[in-house]
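In the form predicted alone, a lone chain appears below as structure tokens.
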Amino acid sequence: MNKEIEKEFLEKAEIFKALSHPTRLFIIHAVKDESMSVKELTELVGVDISTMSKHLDILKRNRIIEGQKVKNFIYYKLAIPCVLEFMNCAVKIINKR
């Protein structure tokens, strides 16, 4: 495989890695319709703030979510709504098993 093709598929693999954790999938679902703060997400998921921050960082680095600072809080929202289509596709695959 040449380097250009490898780079293209490596970038895609990074997106799949970002989506490969149940907590991150939950975050995507939680912020699809409304922006939420780290504190709100932490309470929903039941993890500590540092763990939530790590999950959010992975999603941000892959440009799946984005944050907006309001006073002392950052509110996160879904940046790429088409990721929900992928989640719907995953449900179809699960249902075919």
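Keep in mind the model is a prediction, meaning the values are calculated, not measured. Note that residue numbering follows the sequence shown and begins at 1.
The same protein also exists as the form predicted in complex with a further copy of the same chain; that form is not shown, yet it is the one meant from here on.
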For Ile74, is any heavy atom within 4.5 Å of a further copy of the same chain in the model of the complex, or not? no
Would you please decide whether Asn62 lies within 4.5 angstroms of a further copy of the same chain in the model of the complex, comparing each non-hydrogen atom pair? yes
a further copy of the same chain contact in the model of the complex: Lys3, any heavy atom under 4.5 Å: no
Just to confirm, His29 within 4.5 Å of a further copy of the same chain in the model of the complex by heavy atoms? yes
Could you list which residues of 11-49 come within 4.5 Å of a further copy of the same chain in the model of the complex, counting heavy atoms only? Glu11, Lys12, Ala13, Ile15, Phe16, Lys17, Leu19, Ser20, His21, Pro22, Leu25, Phe26, His29, Leu44, Val45
